[in-house]
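Alright, two takes on the same chain below, each alone as C-alpha coordinates: structure 1 and structure 2.
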Structure 1
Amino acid sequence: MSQFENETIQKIYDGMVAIENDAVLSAVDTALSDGLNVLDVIDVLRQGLKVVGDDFDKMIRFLPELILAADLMQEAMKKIEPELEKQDITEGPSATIVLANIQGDIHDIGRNILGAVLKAAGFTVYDLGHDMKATAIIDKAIAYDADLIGLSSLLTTSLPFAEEVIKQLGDRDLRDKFKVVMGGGAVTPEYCEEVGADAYGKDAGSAVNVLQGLL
(Lines of atoms letter the chains of each structure in order from A and count residues from 1; the text may use other names and numbers.)
(Lines give C-alpha, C1' and ligand atoms only; values in the text may rest on other atoms or scores of the structure.)
Protein backbone atom coordinates (compact mmCIF):
# COMPACT_ATOMS: atom_id res chain seq x y z
CA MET A 1 0.00 0.00 0.00
CA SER A 2 1.47 3.33 -0.91
CA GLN A 3 1.13 6.26 1.44
CA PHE A 4 2.99 8.85 -0.62
CA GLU A 5 1.74 10.41 -3.83
CA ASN A 6 5.17 10.68 -5.35
CA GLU A 7 6.53 7.36 -6.53
CA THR A 8 10.18 8.23 -5.82
CA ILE A 9 9.39 9.35 -2.30
CA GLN A 10 7.50 6.10 -1.79
CA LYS A 11 10.54 4.17 -3.03
CA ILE A 12 12.80 5.96 -0.57
CA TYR A 13 10.43 5.18 2.27
CA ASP A 14 9.99 1.52 1.34
CA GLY A 15 13.71 1.09 0.80
CA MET A 16 14.56 2.66 4.13
CA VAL A 17 12.05 0.50 5.99
CA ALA A 18 13.46 -2.58 4.29
CA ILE A 19 17.05 -1.26 4.66
CA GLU A 20 17.82 -1.74 0.98
CA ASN A 21 20.83 0.44 0.25
CA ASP A 22 20.77 0.36 -3.54
CA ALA A 23 17.07 1.09 -3.76
CA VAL A 24 17.26 4.03 -1.37
CA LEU A 25 20.40 5.59 -2.81
CA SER A 26 19.24 5.38 -6.40
CA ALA A 27 15.82 6.77 -5.46
CA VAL A 28 17.55 9.66 -3.67
CA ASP A 29 19.56 10.31 -6.86
CA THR A 30 16.33 10.34 -8.85
CA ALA A 31 14.65 12.65 -6.35
CA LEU A 32 17.53 15.10 -6.53
CA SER A 33 17.77 15.07 -10.30
CA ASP A 34 13.98 15.45 -10.57
CA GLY A 35 14.29 18.51 -8.35
CA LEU A 36 12.08 17.24 -5.54
CA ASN A 37 12.11 19.31 -2.37
CA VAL A 38 15.22 18.17 -0.44
CA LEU A 39 13.48 18.68 2.87
CA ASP A 40 10.76 16.27 1.77
CA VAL A 41 13.44 13.76 0.88
CA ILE A 42 15.10 14.09 4.28
CA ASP A 43 11.73 13.86 5.96
CA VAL A 44 10.81 10.62 4.27
CA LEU A 45 14.20 9.11 5.04
CA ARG A 46 13.58 9.94 8.70
CA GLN A 47 10.09 8.46 8.59
CA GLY A 48 11.49 5.22 7.21
CA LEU A 49 14.26 5.19 9.77
CA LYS A 50 11.77 5.79 12.54
CA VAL A 51 9.97 2.60 11.59
CA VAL A 52 13.25 0.68 12.03
CA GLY A 53 13.90 2.45 15.35
CA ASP A 54 10.41 1.69 16.62
CA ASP A 55 10.78 -1.94 15.56
CA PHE A 56 14.07 -2.06 17.46
CA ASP A 57 12.35 -0.77 20.58
CA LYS A 58 9.67 -3.42 20.22
CA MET A 59 12.31 -6.09 19.58
CA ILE A 60 10.91 -6.83 16.15
CA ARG A 61 14.23 -5.79 14.67
CA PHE A 62 17.67 -5.89 16.19
CA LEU A 63 20.92 -4.02 16.73
CA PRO A 64 22.57 -4.96 13.41
CA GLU A 65 19.51 -3.69 11.54
CA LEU A 66 19.57 -0.45 13.49
CA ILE A 67 23.25 -0.02 12.64
CA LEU A 68 22.67 -0.76 8.94
CA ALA A 69 19.72 1.63 8.74
CA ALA A 70 21.64 4.40 10.49
CA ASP A 71 24.58 3.91 8.12
CA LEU A 72 22.22 4.04 5.16
CA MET A 73 20.73 7.28 6.46
CA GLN A 74 24.22 8.77 6.65
CA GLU A 75 25.05 7.66 3.12
CA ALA A 76 21.85 9.16 1.81
CA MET A 77 22.56 12.40 3.67
CA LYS A 78 25.99 12.58 2.03
CA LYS A 79 24.23 12.68 -1.32
CA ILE A 80 21.81 15.32 -0.12
CA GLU A 81 24.26 17.64 1.65
CA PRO A 82 25.71 19.34 -1.47
CA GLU A 83 22.15 20.15 -2.52
CA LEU A 84 21.44 21.62 0.92
CA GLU A 85 24.54 23.77 0.63
CA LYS A 86 23.58 24.89 -2.84
CA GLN A 87 20.17 25.96 -1.60
CA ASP A 88 21.70 27.44 1.56
CA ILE A 89 19.53 25.34 3.86
CA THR A 90 20.78 24.34 7.32
CA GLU A 91 19.26 21.12 8.47
CA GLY A 92 19.33 19.43 11.86
CA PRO A 93 22.21 19.17 14.27
CA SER A 94 25.24 18.76 12.07
CA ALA A 95 27.34 18.19 15.18
CA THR A 96 30.21 15.72 15.36
CA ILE A 97 30.73 13.40 18.29
CA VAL A 98 33.51 10.97 19.14
CA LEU A 99 32.32 8.02 21.20
CA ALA A 100 34.46 5.68 23.24
CA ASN A 101 34.51 3.24 26.08
CA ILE A 102 37.24 4.39 28.37
CA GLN A 103 40.40 2.52 29.28
CA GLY A 104 39.88 -0.96 30.65
CA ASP A 105 36.22 -1.18 29.67
CA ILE A 106 35.16 -3.57 26.94
CA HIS A 107 31.38 -3.26 27.37
CA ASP A 108 30.39 -2.07 23.92
CA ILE A 109 26.75 -2.99 23.39
CA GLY A 110 25.36 0.25 24.81
CA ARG A 111 27.87 2.31 22.85
CA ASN A 112 26.92 0.49 19.64
CA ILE A 113 23.26 1.26 20.20
CA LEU A 114 24.01 4.86 21.08
CA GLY A 115 26.19 5.33 17.98
CA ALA A 116 23.45 4.03 15.71
CA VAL A 117 20.76 6.15 17.35
CA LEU A 118 22.89 9.31 17.13
CA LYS A 119 23.74 8.67 13.49
CA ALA A 120 20.07 8.20 12.78
CA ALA A 121 19.38 11.53 14.46
CA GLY A 122 21.81 13.26 12.13
CA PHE A 123 24.99 13.42 14.19
CA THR A 124 28.32 12.62 12.60
CA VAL A 125 29.62 9.84 14.78
CA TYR A 126 33.19 8.62 15.09
CA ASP A 127 33.19 5.46 17.13
CA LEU A 128 36.67 5.07 18.58
CA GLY A 129 35.96 1.66 20.04
CA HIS A 130 36.61 0.43 23.53
CA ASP A 131 39.49 0.42 25.99
CA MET A 132 40.52 3.94 24.88
CA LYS A 133 43.04 6.07 26.76
CA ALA A 134 42.19 9.69 27.63
CA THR A 135 45.00 11.14 25.50
CA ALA A 136 43.95 9.15 22.44
CA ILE A 137 40.30 10.13 22.84
CA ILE A 138 41.20 13.82 22.97
CA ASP A 139 43.65 13.55 20.07
CA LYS A 140 40.93 11.95 17.94
CA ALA A 141 38.39 14.58 18.97
CA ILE A 142 40.83 17.23 17.74
CA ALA A 143 41.58 15.33 14.54
CA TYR A 144 37.88 14.93 13.71
CA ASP A 145 37.11 18.50 14.76
CA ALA A 146 34.44 17.12 17.06
CA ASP A 147 31.99 19.19 19.04
CA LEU A 148 31.24 16.51 21.57
CA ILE A 149 33.06 13.73 23.38
CA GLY A 150 30.83 10.85 24.52
CA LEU A 151 32.25 8.50 27.13
CA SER A 152 30.66 5.20 27.99
CA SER A 153 31.59 3.52 31.24
CA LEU A 154 30.12 0.43 32.80
CA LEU A 155 33.03 -0.31 35.10
CA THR A 156 33.39 1.73 38.25
CA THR A 157 37.11 1.04 38.17
CA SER A 158 37.38 2.65 34.74
CA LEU A 159 35.66 5.84 35.84
CA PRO A 160 38.89 7.44 37.03
CA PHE A 161 40.00 7.37 33.39
CA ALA A 162 36.88 9.32 32.41
CA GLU A 163 37.78 11.93 34.97
CA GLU A 164 41.21 11.97 33.38
CA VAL A 165 39.65 13.04 30.05
CA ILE A 166 38.13 16.10 31.68
CA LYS A 167 41.27 16.85 33.66
CA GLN A 168 43.45 16.53 30.58
CA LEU A 169 41.15 18.76 28.53
CA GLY A 170 41.75 21.41 31.20
CA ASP A 171 45.50 20.80 31.26
CA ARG A 172 45.64 21.08 27.49
CA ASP A 173 43.53 24.26 27.43
CA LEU A 174 40.84 22.49 25.45
CA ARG A 175 38.03 22.33 28.00
CA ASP A 176 35.93 24.93 26.17
CA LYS A 177 36.41 23.30 22.80
CA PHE A 178 34.41 20.13 23.56
CA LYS A 179 31.28 19.27 25.48
CA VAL A 180 31.74 16.05 27.41
CA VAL A 181 28.81 13.72 27.95
CA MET A 182 28.89 10.48 29.91
CA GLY A 183 26.70 7.42 30.23
CA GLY A 184 26.70 3.71 31.04
CA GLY A 185 25.82 1.78 34.17
CA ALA A 186 28.70 3.03 36.32
CA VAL A 187 27.82 6.69 35.74
CA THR A 188 25.20 8.74 37.56
CA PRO A 189 24.05 12.34 37.04
CA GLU A 190 25.60 13.19 40.42
CA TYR A 191 28.91 11.77 39.33
CA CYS A 192 28.83 13.81 36.13
CA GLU A 193 28.27 16.93 38.15
CA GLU A 194 31.04 16.04 40.58
CA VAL A 195 33.66 15.57 37.87
CA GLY A 196 32.50 18.47 35.75
CA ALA A 197 31.06 16.66 32.73
CA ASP A 198 28.63 18.72 30.69
CA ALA A 199 25.82 16.17 30.65
CA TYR A 200 24.64 12.70 31.56
CA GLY A 201 22.74 10.36 29.24
CA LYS A 202 20.60 7.65 30.80
CA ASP A 203 19.91 5.79 27.58
CA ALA A 204 20.31 6.17 23.85
CA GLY A 205 16.83 7.61 23.35
CA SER A 206 17.22 10.42 25.83
CA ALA A 207 20.83 11.05 24.78
CA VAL A 208 19.66 12.63 21.52
CA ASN A 209 17.76 15.36 23.38
CA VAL A 210 20.53 15.80 25.91
CA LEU A 211 23.11 16.33 23.18
CA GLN A 212 20.91 18.61 21.15
CA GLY A 213 20.43 20.66 24.29
CA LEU A 214 24.18 21.13 24.56
CA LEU A 215 24.64 22.54 21.08
Structure 2
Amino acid sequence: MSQFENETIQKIYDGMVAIENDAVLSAVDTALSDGLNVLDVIDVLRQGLKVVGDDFDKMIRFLPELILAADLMQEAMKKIEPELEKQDITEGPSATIVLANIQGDIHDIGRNILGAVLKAAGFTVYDLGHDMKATAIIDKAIAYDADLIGLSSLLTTSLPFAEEVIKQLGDRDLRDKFKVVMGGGAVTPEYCEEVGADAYGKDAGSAVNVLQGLL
Protein backbone atom coordinates (compact mmCIF):
# COMPACT_ATOMS: atom_id res chain seq x y z
CA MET A 1 0.00 0.00 0.00
CA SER A 2 1.34 3.39 -1.00
CA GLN A 3 2.20 5.84 1.74
CA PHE A 4 2.32 8.87 -0.56
CA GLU A 5 -0.12 10.02 -3.22
CA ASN A 6 2.63 10.96 -5.67
CA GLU A 7 4.28 7.95 -7.33
CA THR A 8 7.68 9.62 -7.66
CA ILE A 9 7.72 10.68 -4.02
CA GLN A 10 6.85 7.10 -3.09
CA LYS A 11 9.76 5.80 -5.18
CA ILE A 12 12.15 8.16 -3.42
CA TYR A 13 10.95 6.98 -0.02
CA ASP A 14 11.05 3.28 -0.91
CA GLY A 15 14.50 3.68 -2.45
CA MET A 16 15.88 5.44 0.61
CA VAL A 17 14.50 2.79 2.95
CA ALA A 18 16.02 0.06 0.76
CA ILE A 19 19.20 2.15 0.18
CA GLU A 20 18.94 1.74 -3.60
CA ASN A 21 21.14 4.47 -5.05
CA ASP A 22 20.07 4.31 -8.69
CA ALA A 23 16.37 4.20 -7.84
CA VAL A 24 16.58 7.19 -5.49
CA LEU A 25 18.74 9.39 -7.72
CA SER A 26 16.61 8.61 -10.78
CA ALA A 27 13.40 9.41 -8.88
CA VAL A 28 14.91 12.67 -7.58
CA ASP A 29 15.75 13.65 -11.17
CA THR A 30 12.17 12.89 -12.17
CA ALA A 31 10.77 14.87 -9.25
CA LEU A 32 12.85 17.91 -10.14
CA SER A 33 12.05 17.73 -13.86
CA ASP A 34 8.35 17.40 -13.04
CA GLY A 35 8.53 20.53 -10.90
CA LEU A 36 7.63 18.88 -7.60
CA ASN A 37 8.10 21.00 -4.49
CA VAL A 38 11.78 20.85 -3.55
CA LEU A 39 11.03 20.91 0.16
CA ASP A 40 8.70 17.91 -0.28
CA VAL A 41 11.52 16.01 -1.99
CA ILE A 42 13.93 16.85 0.84
CA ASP A 43 11.36 15.84 3.44
CA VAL A 44 10.70 12.43 1.93
CA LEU A 45 14.44 11.77 1.70
CA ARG A 46 14.70 12.68 5.37
CA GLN A 47 11.81 10.35 6.24
CA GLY A 48 13.45 7.46 4.43
CA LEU A 49 16.79 8.11 6.12
CA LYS A 50 15.04 8.23 9.49
CA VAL A 51 13.66 4.73 8.93
CA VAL A 52 17.20 3.46 8.36
CA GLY A 53 18.41 5.31 11.46
CA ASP A 54 15.57 3.92 13.57
CA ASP A 55 16.37 0.41 12.34
CA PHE A 56 19.99 0.97 13.31
CA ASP A 57 18.93 2.00 16.82
CA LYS A 58 16.87 -1.20 17.06
CA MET A 59 19.88 -3.21 15.83
CA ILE A 60 17.89 -4.35 12.79
CA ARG A 61 20.51 -2.74 10.54
CA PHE A 62 24.18 -2.13 11.02
CA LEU A 63 26.62 0.76 10.75
CA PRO A 64 27.70 0.13 7.11
CA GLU A 65 24.06 0.41 6.03
CA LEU A 66 23.60 3.64 7.98
CA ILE A 67 26.71 5.08 6.33
CA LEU A 68 25.49 4.04 2.87
CA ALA A 69 22.11 5.68 3.52
CA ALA A 70 23.78 8.89 4.69
CA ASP A 71 26.01 8.92 1.60
CA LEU A 72 22.94 8.42 -0.61
CA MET A 73 21.22 11.35 1.09
CA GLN A 74 24.23 13.54 0.35
CA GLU A 75 24.29 12.47 -3.31
CA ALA A 76 20.60 13.30 -3.63
CA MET A 77 21.16 16.71 -2.02
CA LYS A 78 23.84 17.51 -4.61
CA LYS A 79 21.11 17.26 -7.24
CA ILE A 80 18.59 19.21 -5.18
CA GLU A 81 20.65 22.15 -3.93
CA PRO A 82 21.00 23.94 -7.32
CA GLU A 83 17.22 23.82 -7.70
CA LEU A 84 16.71 24.88 -4.11
CA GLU A 85 18.85 27.97 -4.68
CA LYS A 86 16.44 29.02 -7.45
CA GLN A 87 13.47 28.90 -5.12
CA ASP A 88 11.99 31.98 -3.51
CA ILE A 89 10.51 30.72 -0.27
CA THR A 90 10.86 33.97 1.62
CA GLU A 91 7.74 34.51 3.69
CA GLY A 92 8.91 37.11 6.18
CA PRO A 93 11.94 38.80 7.68
CA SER A 94 15.34 37.18 7.23
CA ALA A 95 18.51 37.58 9.20
CA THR A 96 21.99 36.20 9.86
CA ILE A 97 22.38 32.79 11.50
CA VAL A 98 25.33 30.66 12.52
CA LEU A 99 24.74 26.90 12.37
CA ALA A 100 26.72 24.23 14.17
CA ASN A 101 26.61 20.67 15.33
CA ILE A 102 27.51 20.89 18.98
CA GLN A 103 30.54 19.31 20.61
CA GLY A 104 30.49 15.54 20.41
CA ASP A 105 28.29 15.38 17.30
CA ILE A 106 29.79 14.88 13.83
CA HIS A 107 26.61 14.38 11.78
CA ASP A 108 26.43 16.92 8.97
CA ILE A 109 23.40 15.99 6.87
CA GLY A 110 20.61 17.69 8.81
CA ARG A 111 22.63 20.87 9.27
CA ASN A 112 23.59 20.96 5.59
CA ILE A 113 19.95 20.62 4.53
CA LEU A 114 18.85 23.36 6.91
CA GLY A 115 21.57 25.69 5.66
CA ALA A 116 20.51 25.21 2.05
CA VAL A 117 16.84 25.82 2.86
CA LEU A 118 17.60 28.93 4.92
CA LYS A 119 19.74 30.39 2.13
CA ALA A 120 16.85 29.86 -0.27
CA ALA A 121 14.63 31.72 2.20
CA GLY A 122 16.96 34.72 2.16
CA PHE A 123 18.93 34.13 5.34
CA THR A 124 22.64 34.83 5.54
CA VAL A 125 24.05 31.52 6.75
CA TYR A 126 27.42 30.81 8.31
CA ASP A 127 27.93 27.06 8.67
CA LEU A 128 30.50 26.42 11.39
CA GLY A 129 30.57 22.66 10.87
CA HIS A 130 30.40 19.86 13.40
CA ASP A 131 31.85 19.10 16.83
CA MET A 132 31.92 22.78 17.75
CA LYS A 133 32.61 23.89 21.32
CA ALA A 134 30.24 26.35 22.97
CA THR A 135 32.87 29.10 23.24
CA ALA A 136 33.76 28.84 19.55
CA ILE A 137 30.10 28.99 18.48
CA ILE A 138 29.49 32.13 20.52
CA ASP A 139 32.71 33.79 19.35
CA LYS A 140 31.72 33.18 15.71
CA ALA A 141 28.20 34.48 16.31
CA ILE A 142 29.71 37.69 17.66
CA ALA A 143 32.22 37.94 14.81
CA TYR A 144 29.50 37.52 12.16
CA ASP A 145 27.10 39.84 14.01
CA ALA A 146 24.50 37.07 13.89
CA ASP A 147 20.91 37.36 15.00
CA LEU A 148 20.40 33.65 15.54
CA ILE A 149 22.35 30.60 16.67
CA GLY A 150 21.18 27.25 15.32
CA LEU A 151 22.34 24.14 17.19
CA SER A 152 21.96 20.65 15.77
CA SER A 153 22.37 17.38 17.64
CA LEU A 154 21.67 13.82 16.58
CA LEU A 155 23.31 12.28 19.65
CA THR A 156 21.90 12.55 23.15
CA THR A 157 25.44 12.44 24.53
CA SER A 158 26.13 15.84 22.98
CA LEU A 159 23.08 17.58 24.47
CA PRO A 160 24.85 18.86 27.61
CA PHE A 161 27.08 20.92 25.33
CA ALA A 162 24.00 22.60 23.84
CA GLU A 163 22.98 23.62 27.32
CA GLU A 164 26.51 24.93 27.79
CA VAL A 165 26.02 27.35 24.87
CA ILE A 166 23.01 28.91 26.60
CA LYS A 167 24.79 28.99 29.95
CA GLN A 168 27.84 30.73 28.46
CA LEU A 169 25.64 33.27 26.72
CA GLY A 170 24.22 34.15 30.11
CA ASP A 171 27.63 34.23 31.77
CA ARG A 172 28.94 36.56 29.06
CA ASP A 173 25.87 38.83 29.30
CA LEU A 174 24.94 37.95 25.71
CA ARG A 175 21.71 36.00 26.19
CA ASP A 176 19.53 38.82 24.88
CA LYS A 177 21.71 39.34 21.80
CA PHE A 178 21.06 35.98 20.12
CA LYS A 179 18.00 33.83 19.61
CA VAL A 180 18.94 30.17 20.09
CA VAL A 181 17.14 27.49 18.08
CA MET A 182 17.76 23.76 18.44
CA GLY A 183 16.96 20.77 16.29
CA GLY A 184 18.10 17.29 15.34
CA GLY A 185 17.19 13.74 16.22
CA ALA A 186 18.22 14.02 19.87
CA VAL A 187 16.33 17.26 20.51
CA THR A 188 12.73 17.62 21.67
CA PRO A 189 10.52 20.66 22.33
CA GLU A 190 10.57 19.70 26.01
CA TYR A 191 14.36 19.71 26.10
CA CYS A 192 14.48 23.14 24.44
CA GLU A 193 12.13 24.50 27.06
CA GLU A 194 14.10 22.86 29.85
CA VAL A 195 17.44 24.42 28.86
CA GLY A 196 16.00 27.79 27.88
CA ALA A 197 16.34 27.71 24.10
CA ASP A 198 14.13 30.16 22.22
CA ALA A 199 12.62 27.65 19.81
CA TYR A 200 12.63 24.11 18.47
CA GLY A 201 12.96 23.26 14.77
CA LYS A 202 11.43 19.91 13.86
CA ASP A 203 12.78 19.89 10.30
CA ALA A 204 14.27 22.21 7.69
CA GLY A 205 10.95 23.22 6.15
CA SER A 206 9.27 24.18 9.41
CA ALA A 207 12.47 25.78 10.76
CA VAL A 208 12.14 28.64 8.26
CA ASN A 209 8.79 29.64 9.72
CA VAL A 210 10.07 29.16 13.28
CA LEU A 211 13.07 31.42 12.72
CA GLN A 212 11.09 34.07 10.90
CA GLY A 213 8.58 34.01 13.75
CA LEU A 214 11.37 34.74 16.23
CA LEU A 215 12.32 37.83 14.25
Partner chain sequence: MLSIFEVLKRADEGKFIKESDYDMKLFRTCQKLVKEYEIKFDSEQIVVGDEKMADAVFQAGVKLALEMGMYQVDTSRVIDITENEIKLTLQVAPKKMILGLGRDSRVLRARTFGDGHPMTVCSGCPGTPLPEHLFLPVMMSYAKEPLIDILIPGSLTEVDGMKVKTGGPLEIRATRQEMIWVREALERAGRPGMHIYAAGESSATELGTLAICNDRYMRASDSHMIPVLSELKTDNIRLSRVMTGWDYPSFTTSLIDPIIGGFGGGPEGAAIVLTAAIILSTAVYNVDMHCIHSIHNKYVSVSTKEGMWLNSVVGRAFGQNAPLALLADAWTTAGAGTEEILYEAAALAIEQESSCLHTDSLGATNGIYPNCSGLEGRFFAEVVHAVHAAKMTPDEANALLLKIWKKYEHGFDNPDIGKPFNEVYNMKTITPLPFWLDMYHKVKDDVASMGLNFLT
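This is a predicted model, so every value here is computed, not measured. The term rigid core refers to the most C-alpha atoms you can superpose between the two forms while keeping them within 1.5 Å. For residue numbers, the reference is structure 1: its sequence is counted from 1.
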Checklist line | Number of the structure representing the form predicted on its own | finding: 2
Next item on the list: Could you tell me whether the Cα atom of residue 185 shifts by at least 2 Å between structures 1 and 2 after core superposition?
Entry: no
Notebook entry, point to check: Relative to the superposed rigid core, does the CA atom of residue 38 travel 2 Å or more between structures 1 and 2?
Noted result: yes
Check: Relative to the superposed rigid core, does the CA atom of residue 167 travel 2 Å or more between structures 1 and 2?
Finding: no
Next item on the list: Could the core-superposed CA displacement of residue 62 between structures 1 and 2 be given in angstrom, to one decimal?
Entry: 24.2
